[in-house]
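Take a look at this single chain in C-alpha cells; it is the form predicted on its own.
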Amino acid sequence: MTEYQTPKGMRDFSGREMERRLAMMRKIETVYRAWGYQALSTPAMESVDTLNAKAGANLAAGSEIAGQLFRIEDSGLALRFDLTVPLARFAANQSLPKPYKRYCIAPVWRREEPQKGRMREFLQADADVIGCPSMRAEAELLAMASGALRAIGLGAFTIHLSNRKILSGIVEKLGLGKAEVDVFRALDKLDKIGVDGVEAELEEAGIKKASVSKLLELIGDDAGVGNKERLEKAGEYSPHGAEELRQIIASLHDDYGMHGDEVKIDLSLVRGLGYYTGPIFEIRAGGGVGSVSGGGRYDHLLELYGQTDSAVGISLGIERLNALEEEREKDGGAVTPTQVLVVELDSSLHKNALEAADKLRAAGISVETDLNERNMRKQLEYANSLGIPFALIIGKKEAESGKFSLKDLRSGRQETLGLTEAGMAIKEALAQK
C-alpha cells in the first residue's frame, strides 16, 4: 500500500498546534492594525525574474537566491521566498500615499535542506514602512514589534542594533573592501560557528590573520561597555551610520519609554548578504533562544522594480515564537476554538440545544452541539479530550424552566443559571484565564 508523506521540510498543523498558531497570529495582527498598518495580500507565486531581481541588490547573493527557489516547471514562476520582494514589486507599481505602512502574515518557501528550526515552508509576520527616510520609522517598527511580542506573552527580550554603513566602513578601513562579501558571509554565521569558525572561514578566503583579529576586535562585545562608547567607536568608521543609531535609540527611550538595557548596539550583527543599506536589527529572547525577529532598512530595493523610495521593515518569526509558546504551555491548551459544548441529556432536546447555542453565539461565544446522539458521559469525554472549558447541560427540566446547568470542566464547579447569565459567566471566566 502506498504511503503518502507530507512534503519534505513541511508540516501539517491541526488541533492544538493550529489553535496556538492562529491565536498568535491574531494577537500580532491586532497590534499591527492598532498602529495603523494596512493588510496586503500578494500571490504565493511570483515570476522568476521578479524574485531574481532581488539579487541585483547584491550580486553575490544571486546564486544563493536562485538555488532557494521552488520553481513551477515551464511557467516562469516560483514560490515566493520572502514577503519583501512581493511588497517591493507591488509598491513600485502603485501610486500610494506616503508613508505606506503595510503588514502581511503569510507563508514563504525556500528550497534548502531542512534542519532543526528551519523548514522549507514557514510563516512570517512582516510589517514595513515605505516612503519614510526618517529614523522614526525604525523606532516605530521596533516599538510595535516589541508590543506584539509582549501581546503573545514573550518575557524578557533585547533589541540588537547595527548599521551596514558602519560595517562597510570598518571593512574599508581595514583594507578588506574587495572581500566585503566574504567578510559579511562569515560574520553572519558568528552565532552558529563561533569566533574560531569565523576566523577559519576568513583565513580560507585569503584574508590575513592579523586583519581577521582586528576585525573581530572591532565588532566584539566589550564587557562593561555601554551603547554610548560603542557608538563613539562606530562613529570613527561611519559618522552617518552612528548618528542613525543614536536617533533610533533616543526615540525608543524618549518616545516609547524603553530602557537602556532593552536596546544594545551590536556591531557583530550582519543580517545576511541581501539588500540592507542602513540600520539593521534583531530582537532576541532570553534563555539562549536567540533571534525571534529581525529586519532593517533597504532603501535601494524598490529601484530594482522601477521606483526610487526609502523602505524599512521588520519580521516576526512565527515558527520560532510558536515553539517557545509550546514549551511554555503546561496544560496542553485547547485543541479547538470551542468554548462551550451544549450537552443534551436526550436526543429529543436537540432543537433546544441548537436554540441555546445560537443565543450564546450571538453573544460572541464559540459553541458546539452534539452531532452523534451520544449519552452525557460520552459528550463530556469529547469536551475534555478537546480542552473545551465549559459544558451547558440541557435536560427536560432545564428546557422547561429556562435554567441550565453550567459546568466548568476545568474546576468541576457547576451552577444553575439562565442563558444570559450563563453567557456572562462564561465570558468573565474566560477573560480571567
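These numbers were taken from a predicted model, which means no experiment stands behind them. Start at 1 with the first residue shown and count on from there.
What comes next is about the form predicted in complex with a further copy of the same chain, which does not appear here.
Per the 4.5 Å heavy atom criterion, a further copy of the same chain in the predicted complex is contacted by stretch 336 to 344, the sole one of 192 to 200, 259 to 267, 336 to 344, 210 to 218. Note on contacts: among V129, A179, A285, L174, the single residue with a heavy atom within 4.5 Å of a further copy of the same chain in the predicted complex is V129. When you look in the predicted complex, the only residue of D299, D255, D188, E243 with a non-hydrogen atom within 4.5 Å of a further copy of the same chain is D255.
Judged against a further copy of the same chain in the predicted complex with a 4.5 angstroms heavy atom cut-off, the residues E46, E73 and L386 are in contact without exception. The closest non-hydrogen atom of G306 lies within 4.5 Å of a further copy of the same chain in the predicted complex. Mapping the unseen interface onto this chain, A145 falls outside it, with no heavy atom inside 4.5 Å of a further copy of the same chain in the predicted complex. Residue contact check for K396: none of its heavy atoms lie within 4.5 Å of a further copy of the same chain in the predicted complex.
In the predicted complex, a further copy of the same chain lies farther than 4.5 Å from every heavy atom of E236. In the predicted complex, a further copy of the same chain lies within 4.5 angstroms of at least one heavy atom of each of the following residues of 67 to 102: F70, R71, I72, E73, D74, S75, L77, L79, R89, F90, N93, P97, K98, P99, Y100, K101, in sequence order.
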